[in-house]
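Only one chain is included here, represented as structure tokens and corresponding to the form predicted alone.
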């Protein structure tokens, strides 16, 4: 028996970093950019491979020790969830999502792998249980994650996220047309989150004010998303980028791409994710999408993805 599972990339529309401190953020799935897990149920101990890599990334030994490797931790947590002492089969991972780029690669790998493990065990793994498992693995990736990445990746729905609050999915009235541009610079979210935390401890009042301003933008952005007011939403996104720049998580490469998108006619643009590298997102309309895409490539983007995100309010 063989099959395939998958999980999408994500972008944060507004609110990154502030969301770690209990403020709202809006995240969207990029459903056409995915991680895939091809599974095959067979009679040897479970092994997990990367595509075109003969050496396994993980081989099941039944060890109960807490794993610090994200793949091993995901397998152990899923096995524990099902009470499984034996895992048999083979899983091959492949991904279209750049790593260390703010697009949720780690969460997508975990979600796709968790679903494949459930399939190997011939068990059902509901999204709420998978979300809890992936969140635990996100701690290994990011140290003190907010939980937004795993939530939007697992449920694959636009989400208005506040840490510790009930899931709140967003109704998108009109599709949001996005251009995602990669600086080609890898940047670990764990490091930028730690740097913001150090800044918060050393300059608490100033940093708190920046984070609260970002959270306020997310509150305003929700109403604009649900009303389909892209032009006003774009202005909030650009303001969000300026606040993130003041927070110290932007870079010359990110600023250059944001400026290029705005000059080319984008409604708004900002970094998305941890910052320092990775991607920017530009909000465009269908007419300006090709122009903005070309301008970003001319400004040095290593890769550009276009996406139209639509969604409706739904229960988890």
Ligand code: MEV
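Numbering follows the first chain given and starts at 1. Values in this document were obtained by computation on a predicted structure and should not be read as measured data.
This protein has a second form, the form predicted together with the ligand, left out of what is shown; the following refers to that one.
Site annotation in the model of the complex: the residue of 178, 72, 130, 193 reaching within 4.5 Å of the ligand with a heavy atom is 193.
A single residue from the set 146, 78, 240, 110 has any heavy atom within 4.5 angstroms of the ligand in the model of the complex; that residue is 146. Against the ligand in the model of the complex, the set 12, 17 and 20 is in full contact: each member has a heavy atom within 4.5 Å. Partner proximity in the model of the complex, defined as non-hydrogen atoms within 4.5 angstroms of the ligand, places exactly one of 114-122, 208-216, 137-145, 165-173 at the interface: 137-145.
Residue contact with the ligand in the model of the complex: residue 189 places a heavy atom within 4.5 Å of it. Using a 4.5 angstroms threshold between heavy atoms, residue 274 counts as touching the ligand in the model of the complex.
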